[in-house]
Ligand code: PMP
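Just the one chain here, laid out as structure tokens, in the form predicted on its own.
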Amino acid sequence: MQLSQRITQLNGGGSDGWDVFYKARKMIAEGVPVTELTIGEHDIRTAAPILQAMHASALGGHTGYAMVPGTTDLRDAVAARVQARTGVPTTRANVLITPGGQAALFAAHHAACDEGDTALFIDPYYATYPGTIRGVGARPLAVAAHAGNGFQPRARDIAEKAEAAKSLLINSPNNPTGVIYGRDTLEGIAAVCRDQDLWLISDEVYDSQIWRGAHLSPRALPGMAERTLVIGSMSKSHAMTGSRCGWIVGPEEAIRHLVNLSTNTTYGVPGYIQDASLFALNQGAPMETEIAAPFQRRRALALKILAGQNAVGHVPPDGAMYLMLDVRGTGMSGEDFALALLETHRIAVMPGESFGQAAAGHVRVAMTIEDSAFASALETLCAFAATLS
């Protein structure tokens, strides 16, 4: 039987860029010890009180079909969190609860794009972005944000590709670079979206991980609330990656139609997961600060280590849980360097090429292991790069 082109071409007919990760996991399965600095997975588990709230909800009977848009209480809590952080009036009518941020990205592009439409996204990008766009039948088109500009996308570069596009996807704080888009960057992006009548899809799942400066949601800029779909998630802010609870915040009309999409696809999020998410949000900022603290410590460790060497370059991360390191001085691609590091030192990092061509010659390091082990691994990486430079 013939499979659809949409499913067989989801990754653009090539590798998904995760070969180093898969090789590291294979080595681990074979009993080879590997230090993993690959995926954005907390080294702490979901906090016990959240799990207890989930358990109590399940035992209390919230195990049947939940309301597809999300429970009223959770939608209210998400709306309150967004309004408090952005100053933009937000109610439950602006909120759809989804099975994680990835499902929210997929749904948002369904709302913005028809079959064959062009959807822009910024390179470097989270690895699933192009496949998500292809998955809704749209055509992904990257706009490069270069290391020389601090990985800040330029409005003129977006405008050059925007005329035939329907949407633009951005991510700040950014995975993989750790960069936070500044106000000037976001105002330039907003101007292009207004001028070219683009939907802006803003992935803000790292908004609780801010190390320097401030996070600005573009939905708060003039004329943007009616054309912006914001993606949020419990995964990063509350170490609930496996619980799969996220949301879209947008105009009421868009949310009404997205509820119809959810009814015909995911049919909502389990009630006990939503109740646990509500409990977690109700703990307020202290819990989010506690979850983020290890990454802030490791960022400080990393900057100290990187300042003491000259083999590896970097753009200091202002948010998120990653470092993007420039290894071009070794004369190797990011992928070749990552493979060599894995083979010689059993340290796994992600090639920059996994996240687009703008990050070629770089590697992404996830700050997701215990502090001393992380520092040791980063020191080894820098020393290895120095032997190659």
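The first residue of the sequence shown is number 1, and the count goes up from there. The model shown is predicted, which means the values in this text are computed figures rather than measured ones.
Beyond what is shown, the protein has a form predicted in complex with this ligand; the following relates to that form.
> Report whether the minimum heavy atom distance between D203 and this ligand in the model of the complex is within 4.5 Å.
Result yes; D203 sits at the interface with this ligand in the model of the complex.
> Using the partner position in the model of the complex, report whether G100 sits within 4.5 Å of this ligand, counting heavy atoms only.
Residue-level check for G100: yes, a contact with this ligand.
> With the cut-off set at 4.5 Å between non-hydrogen atoms, does S233 touch this ligand in the model of the complex?
Yes, contact at 4.5 Å.
> Does this ligand get within 4.5 angstroms of any non-hydrogen atom of N171 in the model of the complex?
Answer yes; at least one heavy atom of N171 falls within 4.5 Å of this ligand in the model of the complex.
> Tell me, please, which stretch of 79 to 87, 297 to 305, 216 to 224, 123 to 131 lies within 4.5 angstroms of this ligand in the model of the complex when heavy atoms are compared?
Result of the contact check: 123 to 131.
> Mind checking whether each of I180, Q209 and H314 has a heavy atom within 4.5 Å of this ligand in the model of the complex?
The answer is no; none of I180, Q209 and H314 reaches this ligand.
> Let me know the one among H146, R244, K166, H110 whose heavy atoms come within 4.5 Å of this ligand in the model of the complex, would you?
Looking at H146, R244, K166, H110 one by one, just R244 meets the 4.5 Å heavy-atom criterion.
> Counting non-hydrogen atoms within 4.5 angstroms of this ligand in the model of the complex, say which of N175, N94, S262, Q274 makes the cut.
Selected residue: N175.
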